[in-house]
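Coming up is one lone chain in structure tokens, specifically the form predicted on its own.
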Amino acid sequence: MSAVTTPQPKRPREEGGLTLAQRDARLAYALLAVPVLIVLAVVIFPLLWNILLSFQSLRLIDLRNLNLFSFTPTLDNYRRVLSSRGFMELLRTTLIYATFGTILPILMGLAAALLARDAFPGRSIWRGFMLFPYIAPIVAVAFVWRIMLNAQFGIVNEWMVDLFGAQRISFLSQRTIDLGMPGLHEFPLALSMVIFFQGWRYFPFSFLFFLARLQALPDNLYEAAEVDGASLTERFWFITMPQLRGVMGTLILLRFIWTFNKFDDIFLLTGGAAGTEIITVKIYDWLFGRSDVGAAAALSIILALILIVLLMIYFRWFFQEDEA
């Protein structure tokens, strides 16, 4: 007696004999093709091109005659950049600028978010006003700061002279200043000013992150702590700060990457003078000041490698994800 076989339903096919799964796969590849091509054109190709340039002795005027298929790799660019006078000072300045340029905006953003969390008359206007430094054009605000801090006619010096009888100070062109306290006889004045500018310019970004997280915190946590006799400081350290840990980690990561790669702020304020030269400004100097494309490319690769190492250290020992 032969077994009865049940006919299997045929899989739906379209013209050309493709199944539904094959059509979905083709659509997925088509949708991914555009972003992949954009990443290749905007990220991967410039990165590979920069690595290629870093191994060539190349001047700016020679770029138009560059032949990708006939060149002799060399490490002279890396040796020249690493052995140049002041490289360690350049790296030290960059790390100081990136570290304090990350911490200060985050602390200012946290303070502003705590002030704007609770309801008060004009809170919406206050919150909108807090965003002004971040949305204003960088060229305009840098020009305003240069005028404010000018030694001859800056408003800051005018206040100092009128209120305290102090001497005029060139805040953006004076490398150090003696504050008359132990350990502060050579306080880095110009570098501190550009760091303060970083704090003022970019604290609204942290302000938005912190404010959004604070608005999501349930009020019953604070009410229960207040009933238990917790002070305002204790509520801040044991309720607010643990809830902000994930946001804080994200902000530290983003702000450090952006500040470490910053160029326009220092270039517009000081041009890298008075002890404010960082690696990105030095890359500009190698490229346009000395017309040395190879050295500029090599220094940019070194900048990327240093940032990768620092981020690996951060993710390995410091970064903590927010627990839902």
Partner chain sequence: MTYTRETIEQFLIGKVLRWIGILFFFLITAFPFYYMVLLSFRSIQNLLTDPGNLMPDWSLVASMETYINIMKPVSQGGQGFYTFILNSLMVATIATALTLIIAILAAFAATRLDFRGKGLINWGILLVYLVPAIVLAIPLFVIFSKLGFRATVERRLFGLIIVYLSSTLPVALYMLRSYFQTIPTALEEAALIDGTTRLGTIWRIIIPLSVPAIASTGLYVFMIAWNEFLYALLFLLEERDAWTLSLGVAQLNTQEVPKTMLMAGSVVITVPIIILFFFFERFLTQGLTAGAVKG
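Take the two forms, find the largest set of C-alpha atoms that superpose within 1.5 Å, and that set is the rigid core. A quick note: this is a predicted structure, and the numbers were derived from the prediction, not measured. Residue numbers count along the first chain shown, from 1.
Below: the form predicted together with its partner chain, not depicted.
Q: Taking any heavy atom pair closer than or equal to 4.5 Å as contact, tell me whether Gln215 reaches its partner chain in the predicted bound form.
A: Contact with its partner chain, no.
Q: Find out whether any non-hydrogen atom of Leu47 is located within 4.5 angstroms of its partner chain in the predicted bound form, and reply yes or no.
A: Leu47: yes, in contact with its partner chain in the predicted bound form.
Q: Taking heavy atoms only, is Asn220 within 4.5 angstroms of its partner chain in the predicted bound form?
A: Result no; Asn220 lies far from its partner chain in the predicted bound form.
Q: With heavy atoms only and a cut-off of 4.5 Å, decide whether Tyr97 touches its partner chain in the predicted bound form.
A: Tyr97: no contact with its partner chain in the predicted bound form.
Q: Counting only non-hydrogen atoms and a 4.5 Å threshold, tell me whether Leu32, Tyr134 and Thr280 all contact its partner chain in the predicted bound form.
A: Yes.
Q: Select from the listed residues Val141, Leu90, Ala190, Val247 the one whose heavy atoms reach within 4.5 Å of its partner chain in the predicted bound form.
A: After the contact test, the surviving option is Val141.
Q: Only one of 82-90, 118-126, 239-247, 170-178 gets a heavy atom within 4.5 Å of its partner chain in the predicted bound form; which is it?
A: Of the options, only 118-126 has residues within 4.5 Å of the partner.
Q: Is any part of 249-283 within 4.5 angstroms of its partner chain in the predicted bound form by a non-hydrogen atom, and which residues would that be?
A: Those in contact are Leu254, Arg255, Ile257, Trp258, Asn261, Lys262, Phe263, Asp264, Phe267, Leu268, Thr280, Ile283.
Q: Leu48: after superposing the rigid core, is there a C-alpha shift of 2 Å or more between this form and the one not shown?
A: No, shifts by less than 2 Å.
Q: Once the core is aligned, does Tyr29 move its Cα by at least 2 Å between this form and the one not shown?
A: Yes, the C-alpha moves 2 Å or more.
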